[in-house]
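Only one chain is given next, in structure tokens, and it is the form predicted on its own.
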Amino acid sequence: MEPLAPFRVLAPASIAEAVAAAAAHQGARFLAGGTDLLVNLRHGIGAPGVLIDLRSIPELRRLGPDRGIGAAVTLAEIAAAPPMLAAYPALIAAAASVAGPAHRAAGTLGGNLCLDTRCIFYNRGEWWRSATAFCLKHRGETCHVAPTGHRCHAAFSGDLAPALLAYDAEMRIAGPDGLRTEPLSALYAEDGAAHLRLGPGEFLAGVILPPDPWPAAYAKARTRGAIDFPLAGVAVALRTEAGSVAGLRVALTGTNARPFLLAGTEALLGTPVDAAWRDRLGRLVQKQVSPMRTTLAAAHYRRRVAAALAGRVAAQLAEAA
């Protein structure tokens, strides 16, 4: 890793101060746990002169009681399953599955939702990336995953996003125009080099959970049983009536440049979760995920794993119901 370039750290005490600090320092980056950002800086990916530390803002450290979670709440705090989150087991499981205990103690909700996209051609040291003329995501002109294409295929690998998408959570965005609330899905775009739809000076302030969540669960596959990012992660929210599926949301991570909700799930309503139903769900997943050569695992393996996980989690929820 490269030595860090010099930078200043600002610690605003309010959201308004954080927004003002970003406006006053062009190119500044927002910082919380730093488990993703600081590693990238050590790899020579970016050199901001100012980091704006959000952890001193009380509103961003708040967990409840209005089903709101501040962006600076740590993954360890979520994984500890506080009473406020008892109805959201998929979120607790997703937080508990991230990396190792030290990472979860530092990493935050906002950092995991805004995790940088990853690729074996991007997440390397400066000397390695310079030998390949860099890449489309940073300082280069070619995506080495798809050299004839015109966009970056680096994959989003955050664990909390699919759980929150399955719960139909909303997000709060802070910026020069104040605070606004939108569906969490509006945060993401299918472009590895620009996967976050945040305007200049904006940052994620937190999320708002729904009042009556459907039963949901999260599972992921990774190379090692701990620490690694997901090769594929799936969250399923499933509501049943009289033994048949009455509501279904499936969200995925690790396969595309953004976490996303599976489209076309309405075709799976009105029937029980049996082997044929799981096959139909698996085919739907395989059609919509688009893993590329961004990890050391083969793309077709990640596609099949995503489909298998979706069917397995849905079956477990149906059996529990």
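Just so we're clear, the structure is a prediction, and the values are computed from it rather than from any experiment. Numbering starts at 1 and runs along the sequence shown.
We do not show the form predicted together with a small molecule, though everything after this point is about it.
Contact residue in the predicted complex, chosen from Leu31, Val273, Leu262, Ile57 - any heavy atom within 4.5 Å of the small molecule: By the 4.5 Å criterion, the partner-contacting residue is Leu31.
Considering non-hydrogen atoms and a 4.5 Å limit, which listed residue (Ile92, Ile208, Ala99, Ala76) is close to the small molecule in the predicted complex? Looking at Ile92, Ile208, Ala99, Ala76 one by one, just Ala99 meets the 4.5 Å heavy-atom criterion.
Does Pro213 reach the small molecule in the predicted complex, with heavy atoms at most 4.5 Å apart? Close contact is absent here: in the predicted complex, Pro213 is far from the small molecule, nothing within 4.5 Å, heavy atoms only.
Does at least one non-hydrogen atom of Thr35 fall within 4.5 angstroms of the small molecule in the predicted complex? Close contact exists here: in the predicted complex, Thr35 approaches the small molecule to within 4.5 Å, heavy atoms only.
Any chance Tyr167 has a heavy atom within 4.5 Å of the small molecule in the predicted complex? Tyr167: no contact with the small molecule in the predicted complex.
Answer for Glu126 alone: is it within 4.5 Å of the small molecule in the predicted complex, judged on heavy atom distances? Heavy-atom contact with the small molecule at 4.5 Å: absent for Glu126.
Listed range touching the small molecule, judged in the predicted complex by heavy atoms within 4.5 Å, from 240 to 248, 152 to 160, 76 to 84, 177 to 185: Of the stretches listed, the one contacting the partner is 152 to 160.
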